[in-house]
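Consider the single chain below, provided in structure tokens and representing the form predicted alone.
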């Protein structure tokens, strides 16, 4: 009897604590039939939130499976482009680090993109590079004017437009032409498998990141240092492009592979050289025109008699 009373007392304490936590819950008596396997021991009232029924969860899963598959959104909708910007900060930083530290045998597309290319990083890298180019190009003239007052400076806002158009056209049109050429070569030689257009654009966009610190370092007014920083940045950027494209073009003929990689390096070098010569061109000096010096006129002397007689006789 003592054991039965103690067991009943423990059950009463459990029921009391349960009712204190969830007032709307109703306990099941010991004499009630055992609940079915698909239900929990405590039933939840209309306003309770304790222990959802397993049967409702199973029905919800079945309903989700039976729903018809939604068609992919059209390219004219925002949801279509949303997946291209679905990246976090750690992924973007990892891809930037991969573009700054190219290593033989490490494919940027397979190692860092992992079949999930994005447009978020390339878009903001191009925007930042265009803005930094325009600002540093104006700052170069401002700093030079402080050193030499004869230099004339006027704000050159058009450089923002020129930099934006140049960078974005390069980051989109060159990958588009490269992707189209590789697709054409895929039809000629079946073993050539190009990257997708989005992967090619992503590779070019991240390869331009190294030019941002290079442009900032070009503010140092030492010509040989500027060319050294430019050569180093160009070497890192082109090395990343060549190492990424080599697994695709190595199956092609040697002539086509060499010509394609040489064109990629040449276009990259022309971009860096054009930015250096246009935004950091030799400073225009304002030539001060000296005032015209007025020389006193010499007093007129009468002609000599001999000259007068010769003029009369003639």
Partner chain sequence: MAEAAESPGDRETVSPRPLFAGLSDISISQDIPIEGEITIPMRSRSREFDSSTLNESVRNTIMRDLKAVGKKFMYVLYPRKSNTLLRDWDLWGPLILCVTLALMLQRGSMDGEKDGGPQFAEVFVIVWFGAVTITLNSKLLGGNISFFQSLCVLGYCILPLTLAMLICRLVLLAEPGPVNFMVRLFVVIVMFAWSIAASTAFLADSQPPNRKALAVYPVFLFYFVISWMILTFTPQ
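Just so it is clear, the structure is predicted and the values come from calculations on it, not from any experiment. Numbering follows the first chain given and starts at 1.
Separately, the form predicted together with its partner chain exists; it is not shown, and the next lines address it.
A.B. asks: Do residue 154 and its partner chain come within 4.5 Å of each other in the predicted bound form, heavy atoms counted?
C.D. replies: Because a heavy atom of residue 154 falls inside 4.5 Å of its partner chain in the predicted bound form, the answer is yes.
A.B. asks: Although the partner isn't part of this model, could you tell me whether residue 158 comes within 4.5 Å of its partner chain in the predicted bound form, counting any heavy atom of the residue?
C.D. replies: Contact with its partner chain, yes.
A.B. asks: Please run the contact check for residue 103 against its partner chain in the predicted bound form: heavy atoms, 4.5 angstroms, yes or no?
C.D. replies: Output for residue 103 is no: heavy atoms all beyond 4.5 Å of its partner chain.
A.B. asks: Verify the contact flag for residue 89: yes if a non-hydrogen atom of it lies within 4.5 Å of a non-hydrogen atom of its partner chain in the predicted bound form, no if not.
C.D. replies: Yes - in the predicted bound form, heavy atoms of residue 89 and its partner chain come within 4.5 Å of each other.
A.B. asks: Which one of these stretches, 170 to 178, 136 to 144, 238 to 246, 195 to 203, sits within 4.5 Å of its partner chain in the predicted bound form when only heavy atoms are counted?
C.D. replies: Selected range: 136 to 144.
A.B. asks: Note which of 186, 107, 128, 226 lies within 4.5 Å of its partner chain in the predicted bound form, where distance is taken over heavy atoms; exactly one does.
C.D. replies: Residue within 4.5 Å of the partner: 128.
A.B. asks: Though the partner is not shown here, which residues of 229 to 256 have a heavy atom within 4.5 Å of its partner chain in the predicted bound form?
C.D. replies: Nothing in this stretch is in contact.
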